[in-house]
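Structure 1 and structure 2 below are two forms of the same protein chain, each written out on its own as structure tokens.
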Structure 1
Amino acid sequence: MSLDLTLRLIEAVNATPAGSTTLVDVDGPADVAIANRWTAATGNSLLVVHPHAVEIMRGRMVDPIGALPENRRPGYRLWVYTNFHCNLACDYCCVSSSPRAARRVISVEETAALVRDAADTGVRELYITGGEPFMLLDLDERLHAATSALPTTVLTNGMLWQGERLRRLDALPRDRLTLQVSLDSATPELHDRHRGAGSFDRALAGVRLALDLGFRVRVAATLGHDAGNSESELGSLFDGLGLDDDQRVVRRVARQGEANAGLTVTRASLVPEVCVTADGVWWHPVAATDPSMMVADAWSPLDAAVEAIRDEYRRHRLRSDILASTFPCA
């Protein structure tokens, strides 16, 4: 009976320290609705509905998203995989791109609609990636659409800027576009071991070309298990290229796609960065082919997908906080 439930709610929460949780037995959806109403009206938080109980935290839940730096909050940044095919076949590619990979292209028209939705949803910056995005001859049309809506970064191996592609690159705006080129080591050996012979020299040439053309360039290194302490050498290379701190990215390889070793990533352990591919919406771009990281099978409506990701992230954070606070020592 609802009155008995309310008395039990009051008793249980009164006996619970702020920030801690308590379980209250419920019997069906009507009881859950009462518990929901009561917690909302009394400044407490209903966290989880179990089969026969609700888990209530005394006090208001602090939104874990608000605790993140603004540019790390889910929905601040949108990743778009324009395609999955690539001129390289890196042995640790997180989405298994290669010349043989299915293209899974997002068209110019779809990209334009997506970036409009993104801006409407509150996205503040776009990251275009692949595959190798510049495999698409008409990538520049997507980048014009993207930069007209939001500041945009495009990830590339920097190896394809010749002929018509170079002409189209040079016509792109400089003020809203950053070219992020992959360069995994300071010398060819390590980079070429994973990405293919000759790829280091061509990537470095691409970095220098982009800088010469007046683009804002960021260089990103992915370190595999054999990278050792190559970070300091990379630092010297970046210094030589005149790159500031915010033009350098160094991260460890994730165990995704072709990588059979590396950091394990899961939805519960990874702060999400909303990612769209031709196949749908994903938790994070580092895992955009991992079925367990798929959030929706279509990107529209984008705002619903972003909100779903935010909600799930809140639940994961909350769950980990509860586990941390209840870990038994004996």
Structure 2
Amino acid sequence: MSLDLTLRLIEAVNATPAGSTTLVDVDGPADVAIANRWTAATGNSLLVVHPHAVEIMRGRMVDPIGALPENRRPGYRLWVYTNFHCNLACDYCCVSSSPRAARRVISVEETAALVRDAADTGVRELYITGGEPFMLLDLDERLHAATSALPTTVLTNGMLWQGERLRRLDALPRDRLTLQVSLDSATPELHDRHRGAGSFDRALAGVRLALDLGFRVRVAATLGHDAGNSESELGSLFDGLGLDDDQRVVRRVARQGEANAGLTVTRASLVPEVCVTADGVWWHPVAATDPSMMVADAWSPLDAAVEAIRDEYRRHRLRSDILASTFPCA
């Protein structure tokens, strides 16, 4: 059987152009092991194990994940939607958060377990988002669990830090926590157009409060088609707040959730950012309610979901590279 499989591997790969792929029938794990050893010994690449076949590329493939900067590799950071309800109803929210949205909360206990699993999986950073995470009065308990294991950034509109929430915020650690506040323009008109009247002044006050409390703060702007000169004007505002380059985030609207315009995103077009919600694991946080972006309906075991995302990303990149080599334009 092994000789027959080896001959079929040689015949199939020799008939395949360099850089292209072929399928070879296999019968069980022993055949897969033979194919794996043969490709390794002959300078070819076993890409995917299908139920009854292996997919092989003629030639050695450069690992597309290894080619990415370390902090862009799937699994370097984990995004966690603690909840989906929000005090605002922004008209381009990628996950349709609002005061009326279903809460879909990840509990304190679940967060602690997820953080432990993430650290064991090799995650290096946590990003906590929503919804508005600070809608959860006990968010601080989740953040204590998160920062005890990994550097953590929490995304917020910065508007709820009063009373008991302010007291709990002030008790959080400063050394492993970053507060990322949304601010879409340097003046109220554009920001309030999309996020609601008065939201600009409250968000800017939140940024200043967080800075006064000694937190590391990032400010993130989401720019739509009507942004105009907002990006350059934002630069002046960021300068006035004393923000360094790595404390500034400018991104475009994705056509997801409430947004009826913006960048169209797919699994094949996005470098994945592993994302967990109460409903499961998703390809990217910008599409954490899009059924086509769901990876698994449960996050545990997290390492299996991360590996599945990496394998799929490799396949997308390989197909793209093969297509580019097949249809050169010059």
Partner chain sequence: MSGGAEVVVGAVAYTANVVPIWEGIKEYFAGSPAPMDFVLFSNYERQVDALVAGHIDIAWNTNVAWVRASRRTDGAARPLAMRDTDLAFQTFMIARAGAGIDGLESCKGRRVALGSRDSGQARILPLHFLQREGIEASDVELVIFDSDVGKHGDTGRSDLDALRAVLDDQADVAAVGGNTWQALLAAGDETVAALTVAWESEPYNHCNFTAMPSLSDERAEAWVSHLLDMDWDNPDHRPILEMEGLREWKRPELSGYDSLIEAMAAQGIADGW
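Residue numbering: structure 1 sequence, from 1. For the two forms, the rigid core is made up of the largest set of C-alpha atoms that agree within 1.5 Å on superposition. Given the structure is predicted, the values throughout are model-derived calculations rather than measurements.
One of the two isolated chains is the form predicted in complex with its partner chain, namely structure 1. Treated as two rigid bodies, the chain shows a rotation of the smaller part against the larger of 32° between structure 1 and structure 2, based on C-alpha superposition. Aligning the rigid core leaves the CA of residue 46 displaced by 3.8 Å between structure 1 and structure 2. The rigid core superposition between structure 1 and structure 2 gives a CA shift for residue 22 of 6.2 Å.
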